[in-house]
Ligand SMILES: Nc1ncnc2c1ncn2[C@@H]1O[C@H](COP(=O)(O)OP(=O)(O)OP(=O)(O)O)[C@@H](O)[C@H]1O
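Just one chain is shown here, as structure tokens, and it is the form predicted alone.
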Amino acid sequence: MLNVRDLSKNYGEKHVLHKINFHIHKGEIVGLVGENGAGKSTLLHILATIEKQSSGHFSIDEEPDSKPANIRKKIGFVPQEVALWEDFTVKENMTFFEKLSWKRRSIDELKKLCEAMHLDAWNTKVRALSGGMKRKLNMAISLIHDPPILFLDEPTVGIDLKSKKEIADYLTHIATTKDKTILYISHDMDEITSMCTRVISIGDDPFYDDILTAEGMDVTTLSKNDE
């Protein structure tokens, strides 16, 4: 599903990612962890074709990174920052982004997508929603075109425990029933251990590796200093 080969990213003399290699299979939920500045968000931005790698290659569902337009049709990307129209209702946000989507969806389909995440404030303006509801809407928008793979950058940061659980349950559900592949950044180790099938750790600090290995997780470590 996702194959990353010798991927590197430099900003001038600063090496953020160095010859990263990993593979994720269809239907897996894989956690992505590491200290601040390890390059987690940069990696997701590259895979989402928002940034360009300095060297190396990746493919998604056999589509090479040389064809970014085809890659974008296969991914759903949820950034850390909530990107919504605050003065639009949930319905208006969903219908607006549906018009920009690769796939046409009916109003009923859009509403059911929100309801599946326990987001039932269909006619409520975004500015009146809780943080958890906004996060759910952000995720629902990323799923409008029914992508086979999701990239999530701390999608539950700063929200209540109930909303966190509902999001985790929904992601687990679509991975197991719809074979969605998910790459998930989080600093919440309880979230990682309860939801992810395995973990990729970026960086040279053994902190995350030690915690997750002690919990019995399958951890692949990608050192920034590997040569």
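Residues carry their position along the shown sequence, with the first being 1. Here the structure is a predicted model, which means the values were calculated and not measured.
A second form of this protein, the form predicted together with this ligand, is not displayed here; the remarks below concern that form.
**Prompt:** Quick check: do 22, 56 and 198 each get a heavy atom within 4.5 Å of this ligand in the predicted bound form?
**Reply:** No.
**Item:** Contact residue in the predicted bound form, chosen from 38, 192, 171, 47 - any heavy atom within 4.5 Å of this ligand
**Value:** Flagged contact: 38.
**Message:** Between 89, 80, 101, 142, only one gets a heavy atom within 4.5 angstroms of this ligand in the predicted bound form; which residue is that?
**Reply:** Only one listed residue qualifies here, and that residue is 80.
**Prompt:** Among 30 to 38, 66 to 74, 155 to 163, 172 to 180, which stretch sits within 4.5 Å of this ligand in the predicted bound form, heavy atoms only?
**Reply:** The contacting stretch is 30 to 38.
**Prompt:** Just to confirm, residue 207 within 4.5 Å of this ligand in the predicted bound form by heavy atoms?
**Reply:** No, residue 207 stays farther than 4.5 Å from this ligand in the predicted bound form.
**Asked** Is residue 52 one of the residues lying within 4.5 Å of this ligand in the predicted bound form, judged by heavy atom distances?
**Response** It does not: once this ligand is placed as it appears in the predicted bound form, residue 52 has no heavy atom within 4.5 Å of it.
**Prompt:** Though only this chain appears here, would residue 26 touch this ligand in the predicted bound form if you measure heavy atom gaps against 4.5 Å?
**Reply:** The answer is no: residue 26 has no heavy atom within 4.5 Å of this ligand.
**Message:** Test of understanding: in the predicted bound form, would residue 16 fall inside 4.5 Å of this ligand by heavy atoms?
**Reply:** Within the cut-off, so yes.
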